[in-house]
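One chain is shown next in structure tokens, namely the form predicted on its own.
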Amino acid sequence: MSQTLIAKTPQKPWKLTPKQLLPDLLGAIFTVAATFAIVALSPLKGKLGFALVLIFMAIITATAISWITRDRKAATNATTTVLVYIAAAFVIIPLASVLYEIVRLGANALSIGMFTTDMSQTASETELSEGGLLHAVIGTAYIVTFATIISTPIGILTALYIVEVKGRFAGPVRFFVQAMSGVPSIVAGLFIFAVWMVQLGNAYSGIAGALALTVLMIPTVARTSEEVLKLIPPDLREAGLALGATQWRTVAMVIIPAARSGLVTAVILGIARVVGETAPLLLTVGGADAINLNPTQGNMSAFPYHVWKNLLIGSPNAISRAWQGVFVLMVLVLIFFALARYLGAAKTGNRRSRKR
């Protein structure tokens, strides 16, 4: 006896049909129309009034349509969905507004020549075609690089002590790391100023600024690395120990390679925490309009200091220079983050390919 197999079209219950989309479309049209009508007839005027009425009408309309077409649970789900979209809009819209303002005001009169000259022979009030940002670029590179070199091993080793070693002082160490993460940036600058400069007699320098940023960067790297290490399956640790490896050999050859991408992300988040800090640098680097290639001696500039100084001057050209500094800093950080993420993902992918 032979059987005939009939191919069936796969069902896609999650795919919305035009009949299902029609009530939502009509509800959206009604929401917008009702919002315009309420704003026109009520005392609620302006953008804020329009936004509040639109949010209220969207919640009411979505809940009513789901209740009528489906049931009470669907209405509750619709209400929650609208609230989630509203919360996302409250995050995305301000962020987009800030980025738009930075690009609009910072990209004005930006040229390649700004990265080949400094402000040693130019006043902030002069035309934007004169002077440049090279001193801020070099100073930021020095300060952030030294802060990263110092804080990365300290933060990662702290996380390894808390997660892998689980020593007697793991609890107090975790407590102090969490407490340090809430320290205001000005306190870190005052600490380095009091110890490094007043007590030890050192002058303004790039190293002093890097030490101040290190105080802020260590808890971010340590806490993020701790969470990353907790995600490593315990089976990997047990397998390394079962093969006769010591704990630290297992950590060095199994745990850290497995968490490499996450640890790179921890370092990136640490840099993001400190790259725009201004208060610690005001007390430690001293500021300069000329290039200083010696981070251990002499005043040094950085993008946050450059922006603060020009905003303090207050002239139109000085404010434009400050916005240019903000724009360049944002672009440099974006490039660095993208490159770090790409390298971390590429190393992970190559390691997996070699294993196969």
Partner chain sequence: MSQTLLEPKTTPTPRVITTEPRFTDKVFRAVVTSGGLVSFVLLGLIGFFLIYNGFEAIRNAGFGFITGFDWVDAIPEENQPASYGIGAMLYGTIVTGILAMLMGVPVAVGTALFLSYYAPEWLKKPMVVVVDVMAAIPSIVYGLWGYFVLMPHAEYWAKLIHKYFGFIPFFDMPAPVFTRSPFIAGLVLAIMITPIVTAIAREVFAQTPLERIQAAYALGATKWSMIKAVVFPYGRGGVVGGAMLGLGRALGETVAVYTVLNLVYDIKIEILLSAGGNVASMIVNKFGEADFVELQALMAAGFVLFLVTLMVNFLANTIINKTARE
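Note that the coordinates shown come from a computational prediction; the quantities given were computed from them, not determined experimentally. Residue numbers count along the first chain shown, from 1. The term rigid core refers to the most C-alpha atoms you can superpose between the two forms while keeping them within 1.5 Å.
Form predicted in complex with the partner chain: not shown, discussed below.
Heavy atoms within 4.5 Å of the partner chain in the model of the complex map, among the stretches 58 to 66, 309 to 317, 290 to 298, 33 to 41, onto 309 to 317 alone. Not one of I138, A258 and Y342 is positioned with any heavy atom within 4.5 Å of the partner chain in the model of the complex. In the model of the complex, the partner chain sits beyond 4.5 Å of every heavy atom of S129.
Using a 4.5 Å cutoff between non-hydrogen atoms, L95 counts as a contact of the partner chain in the model of the complex. Using a 4.5 angstroms limit between non-hydrogen atoms, L54 is distant from the partner chain in the model of the complex. Taking non-hydrogen atoms only, L334 approaches the partner chain to within 4.5 angstroms in the model of the complex.
Screening T116, T81, Q121, S111 for any heavy atom within 4.5 Å of the partner chain in the model of the complex leaves a single hit, T81. Of the listed positions (A107, L243, L231, A88), a single one reaches within 4.5 angstroms of the partner chain by any non-hydrogen atom in the model of the complex, namely A88.
In sequence order, L311, L312, I319, A322, W323, V326, L329 are the residues of 310 to 329 having a heavy atom within 4.5 Å of the partner chain in the model of the complex; the partner itself is omitted from this view.
Put the two forms on the same core and the Cα of A74 is off by 2 Å or more between this form and the one not shown. Put the two forms on the same core and the Cα of A51 is off by 2 Å or more between this form and the one not shown. With the core held fixed between this form and the one not shown, V198 has its Cα displaced by under 2 Å.
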